[in-house]
Every structure is written in structure tokens, then in C-alpha cells.
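Below, in C-alpha cells: the form predicted alone, a single chain.
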Amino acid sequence: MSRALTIEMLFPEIANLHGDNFNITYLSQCRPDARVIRTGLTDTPAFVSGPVDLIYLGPLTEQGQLKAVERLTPHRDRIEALIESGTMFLFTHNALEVLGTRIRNDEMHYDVPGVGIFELESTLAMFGRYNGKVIGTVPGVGPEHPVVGYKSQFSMVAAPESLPGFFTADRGIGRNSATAVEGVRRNNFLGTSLLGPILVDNPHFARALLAQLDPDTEPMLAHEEFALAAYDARLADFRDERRWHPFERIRSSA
């Protein structure tokens, strides 16, 4: 790569739940030469006018989702063009819902359009929350290093099965409790309802993402020894049948 690797972190003052912004902290530790742009809610996103290698949005409150929709909708065409051209995106937890067609919240009495990039709708159900684990194989990483993560999800997402998922859950739920298809993957857009942060919890996935971001540079993991040891311990826990509560609905990719 002839220029500095550029990562844009959208709206960190409101998209900052569950410690997920450490995804970007960890990437910047893996690539200390990278340029990290923290775009505030009232700023024009850097991706509008210049090259950005990774665009990131983390978890938001319900009102934060609406603000993100408002700020990103004027840039819908640009976002679609970047997705189609292969720019990498990582949207975690409920950030993905911002790019859907509708967000419904009966308790707060709103039903509003999203940015409209993906054919998915989210419906808030506070008493239908899923708290639990999810495990599944992510393309490009392999079944020997499945992604492991957690959900605290009460906005259930409905989307056609034809919309490719981030992965198919082997255990745990997908976009909602009736499907094993989790998140969205289109070209290099990665959207997942997992929280964690996912890159810290899954160093093999983080390495693959770094390699895809900059194919000319050998990906190096910060704190690699500790990250891999923690992942191995977590994976062993996820593979232990005794650790799965009946509420954590077991799905199969078969």
C-alpha cells in the first residue's frame, strides 16, 4: 500500500456501547502506522470525499440509531458505491440496522425508514431479548478457528434468506430466533449483531481482516500470545456442551 492505511470510525461519541470501540483500538495497535479518523456526529464523513480503507460503526442506543440514520442517509449513494467497489466496512451489534429499510419500536412509538442499503427490518422487543453465545465459521478463516461471540439482542432483524449473512451460526441464534443466518456480508461489507469486541475476541478473524485490508503487508497481531491463548480458552468454553443454557437456542448449518 503506497499510502497510510486509513480507518474511519463513525460517530464515536454516540456509537460506543459494550466496549466495541476497542475493535479500532486493537486494529490501531496491530497497525500503529494506520491513520484513524474519528468522525463526529456533526462532521462530514471522510469517506464522502477521499479514500478510506475501513469504515466502522459500533453499537448505539435506540435514539443514537435514529441520529446515525439521519447523518448517513444523505450519503446513501456514496455508501452503496463503496460497498460495490469493495471498500471494507465493519458494523457491529445494532449498527447494522441503521443501513436497513425500517426500524420499528412500538414501545417508543416510532416506525422510521433506515438508510435503505440492505433489505432488512429491525423490530425492538424489550421482553424478547436474547442474551447468549454464538459460534460459527466465517468465510476466509476456516472451521478450525470459528468466530465466537456474544449477543444481547432485543432488536430482532428480519431479512430474506437470499441476503448473504456474515456467517451461519452452528450454535446460538442468527438475525433472529428463527434463523441461523447471522448478520450481513456483501462484498467486503461485514455486519454482525455480535458484541465483544469481535476483533479482540477472535484474533484469527482479526488477522484475516488485516490481510484483506492490506494484502501487501504481513498482518501482525498486537499482544498475539495473549490474544491467541484467550481465544483458545474461550473456544474450549464454547465447545463445552455443559456451558450452553437451554435458552441459547442451538442452531445447525446442516
Partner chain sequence: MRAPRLLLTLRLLIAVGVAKLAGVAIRAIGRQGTHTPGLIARKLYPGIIGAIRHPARVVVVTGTNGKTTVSNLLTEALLGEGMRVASNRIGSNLAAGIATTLVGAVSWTGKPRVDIAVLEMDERSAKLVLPGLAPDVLVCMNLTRDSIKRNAHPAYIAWIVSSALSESTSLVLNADDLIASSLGTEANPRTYFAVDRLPTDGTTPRGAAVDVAICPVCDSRLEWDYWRFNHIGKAHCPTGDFRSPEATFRATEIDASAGRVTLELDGESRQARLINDNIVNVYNEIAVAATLDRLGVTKDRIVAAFEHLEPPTTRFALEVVGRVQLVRLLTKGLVGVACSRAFEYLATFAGRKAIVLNIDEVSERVTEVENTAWTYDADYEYLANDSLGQVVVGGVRRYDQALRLAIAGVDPARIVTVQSEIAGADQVELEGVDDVFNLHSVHNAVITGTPVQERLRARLQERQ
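Residue numbers count along the first chain shown, from 1. This is a predicted model, so every value here is computed, not measured.
There is another form of this protein, the form predicted in complex with the partner chain, and it is not shown here; the text below is about that form.
Whether Leu195, Asp201 and Asp237 all lie within 4.5 angstroms of the partner chain in the predicted complex by heavy atom: Yes.
In the predicted complex, does Asp111 have a heavy atom within 4.5 Å of the partner chain? Taking the distances in the predicted complex, the answer for Asp111 is no, it never comes within 4.5 Å of the partner chain.
Since only the chain is shown here, I'm wondering whether Lys133 would be in contact with the partner chain in the predicted complex (any heavy atom pair within 4.5 Å). Looking in the predicted complex, residue contacts with the partner chain include Lys133, since a heavy atom lies within 4.5 Å.
Closest heavy atom of Ser152 to the partner chain in the predicted complex, within 4.5 Å or not? Result yes; Ser152 sits at the interface with the partner chain in the predicted complex.
Is there a heavy atom of Arg185 lying 4.5 Å or less from a heavy atom of the partner chain in the predicted complex? Flag for Arg185 set to no.
Could you tell me which one of Val48, Ala211, Met220, Ala229 places a heavy atom within 4.5 Å of the partner chain in the predicted complex? Answer to the contact question: Ala229.
What are the residues of 46-68, in order along the chain, with a heavy atom within 4.5 Å of the partner chain in the predicted complex? Going through 46-68 in order - heavy atoms within 4.5 Å of the partner chain in the predicted complex - the hits are Thr61, Glu62, Lys67.
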